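Coming up is one lone chain in C-alpha cells, specifically the form predicted alone.
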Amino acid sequence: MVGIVIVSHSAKVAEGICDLARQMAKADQKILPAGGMADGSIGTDAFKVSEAIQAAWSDDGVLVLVDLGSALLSTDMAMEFLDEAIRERVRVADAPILEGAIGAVVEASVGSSLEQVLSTAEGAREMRKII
C-alpha cells in the first residue's frame, strides 16, 4: 500500500492532517507527519522528511504532500539522502495539503498504484467547496 507523508512548517498541522487522514485509512496504512524543526520551531527539516519517507516506505512507494514552497525545497533535499531505489518510488503531489491527503489516503487504501494515488491527490486542486 502506498505510504503518505505530510510535510508542513508546523508540527501541529502535520500531525492534525495525519490524525484526520487516519480516520479514513486502513489500520495498517502508513501516514507520517514531518512537521516543524527538530527544536519545535516553525519550519521544515529535510532530515525529518527523509526519516518520514523511510518510515512510510513500501514497495508500492510513497506520496509526499507539502504545505508551502520551502517545504518542497526541504523535500527535494530529503530525497538526496535516500537510496536511489527508494527515490524512484517517491512522488511529491502538487495538491492542496489537506484535501489532497484525504483523497490520497482513500485511494491508497483500496490498493491503487502510486501514480493513481498521485493523480487523486492532485485532482483535489479542482474540488470546489462553494458552488
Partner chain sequence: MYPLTEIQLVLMNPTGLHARPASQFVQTAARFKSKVQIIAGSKRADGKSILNVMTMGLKKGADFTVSADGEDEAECLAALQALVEGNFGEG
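Numbering follows the first chain given and starts at 1. What you see is a predicted model, and the numbers here were worked out from it, not measured in a lab.
In what follows, reference is made to the form predicted in complex with the partner chain, a form of this protein that is not presented.
K.L.:
Check whether Met77 has any heavy atom within 4.5 Å of a heavy atom of the partner chain in the predicted complex, and answer yes or no.
P.N.:
Result no; Met77 lies far from the partner chain in the predicted complex.
K.L.:
Though only this chain appears here, would Gly35 touch the partner chain in the predicted complex if you measure heavy atom gaps against 4.5 Å?
P.N.:
Outside the cut-off, so no.
K.L.:
Are any of the heavy atoms in Gly16 no more than 4.5 Å from a heavy atom of the partner chain in the predicted complex?
P.N.:
No, Gly16 sits far enough from the partner chain in the predicted complex that none of its heavy atoms falls within 4.5 Å.
K.L.:
Tell me, yes or no, whether Ala56 is in contact with the partner chain in the predicted complex, where a contact means a heavy atom of each within 4.5 Å.
P.N.:
No.
K.L.:
Hey, with the partner chain in the predicted complex, do Ile6, Ser41 and Ser50 all fall inside the 4.5 Å heavy atom range?
P.N.:
No, none of Ile6, Ser41 and Ser50 comes within 4.5 Å of the partner chain in the predicted complex.
K.L.:
Which one, 57 to 65, 97 to 105, 82 to 90, 42 to 50, holds residues whose non-hydrogen atoms are within 4.5 Å of the partner chain in the predicted complex?
P.N.:
After filtering at 4.5 Å, what remains is 97 to 105.
K.L.:
Within 88 to 123, which residues have a heavy atom closer than or equal to 4.5 Å from the partner chain in the predicted complex?
P.N.:
The stretch 88 to 123, when checked against the partner chain in the predicted complex, contributes Ile102, Gly103, Val106, Ser109, Val110, Thr120, Gly123 at the 4.5 Å heavy-atom cut-off.
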